[in-house]
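Just the one chain here, laid out as structure tokens, in the form predicted on its own.
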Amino acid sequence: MKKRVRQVLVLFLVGIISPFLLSFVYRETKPVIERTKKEQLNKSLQEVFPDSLIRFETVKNDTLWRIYKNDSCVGIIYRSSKKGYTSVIRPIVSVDSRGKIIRLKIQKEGLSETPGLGMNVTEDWFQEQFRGLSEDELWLKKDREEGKLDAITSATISSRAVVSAVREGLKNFKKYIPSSSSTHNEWFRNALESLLGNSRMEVIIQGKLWKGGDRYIYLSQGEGFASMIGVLVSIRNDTIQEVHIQFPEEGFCETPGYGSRVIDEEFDKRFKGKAIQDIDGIDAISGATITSNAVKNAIKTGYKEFIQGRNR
């Protein structure tokens, strides 16, 4: 009888003490867990937009962030989810101001798709497909004619879940993307005044071509990897005097660490003093070939449209 009483008493004490111990452990470990979770999230945000000069502003907790650089919003990052074959897949996606995907990241942690099949959604080759795509292109090739994405062999369900999550997330959150049409229509005004110097400005074609002293200045665009890139070109007697490549705060939205290097490495200075026919010989920046060529093509296209024949 006494033994039975002792057992009941022990169980009673365990029942009383355990909640307090659990509460204590939870209270002590919660800050550590929250801090680790926040650090992992910040790391993921940096991975999809790797630029040390930007900051993130939370719009929807754990779901949506605006990206700011020099106090200008240059895009968004969102997280969306969709049920895959055996687990929920939650890609983190960065988008530029034109609504095009910059980068996609799917974390392996917490994902339990089939190894060697559905888990391949975390592979670089699969995620790289999304770069530069707009909402209408976010379909598997096998599902829509306009689709640009290849499914993983024998893992169509997981592939389709990722594509659907990215597309539906972009559809839901695109209203938070800053409008380039209203904000950046005349992004070039300050740069134009700088290129003109003390010369009196003569408007030849409104918003496209100006004359200042003995030089012309024209505005042109080239298609980069993730966005259109604007350039202002000052030219005299078919020789380039100066080139201004659109800054991030003016609407430049190429991939940080890649296309962005045309600004970081002052690519524009390579054109100074070059004859227009020598532009193709200017070396592209390694890792930013598409963006480098976009700048060169913009200069050549603008010259052909606005300048060719005026100096003859």
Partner chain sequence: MLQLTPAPHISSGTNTKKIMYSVILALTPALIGSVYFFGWRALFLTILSVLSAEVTEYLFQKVTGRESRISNGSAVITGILLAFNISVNSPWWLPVAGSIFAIFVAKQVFGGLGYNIFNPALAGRAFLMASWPSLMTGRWIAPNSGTLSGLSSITLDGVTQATPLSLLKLHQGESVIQSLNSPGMLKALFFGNVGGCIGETSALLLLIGALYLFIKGYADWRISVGYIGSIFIFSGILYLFRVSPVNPLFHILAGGVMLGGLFMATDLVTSPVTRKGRWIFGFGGGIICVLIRLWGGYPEGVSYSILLMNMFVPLLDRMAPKVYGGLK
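Positions refer to the first chain, counted from 1. Just so it is clear, the model here is predicted, and its values are computed rather than measured.
Beyond what is shown, the protein has a form predicted together with its partner chain; the following relates to that form.
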{"property": "Stretch from 92-100, 203-211, 108-116, 190-198 whose residues place a heavy atom within 4.5 Å of its partner chain in the predicted complex", "result": "108-116"}
{"property": "Lys142, heavy atom within 4.5 angstroms of its partner chain in the predicted complex", "result": "yes"}
{"property": "Its partner chain contact in the predicted complex: Asn237, any heavy atom under 4.5 Å", "result": "no"}
{"property": "Contact of Thr156 with its partner chain in the predicted complex (heavy atom, 4.5 Å)", "result": "yes"}
{"property": "Arg160, heavy atom within 4.5 angstroms of its partner chain in the predicted complex", "result": "yes"}
{"property": "In the predicted complex, residues of 72-108 near its partner chain [heavy atom within 4.5 Å]", "result": "Tyr85"}
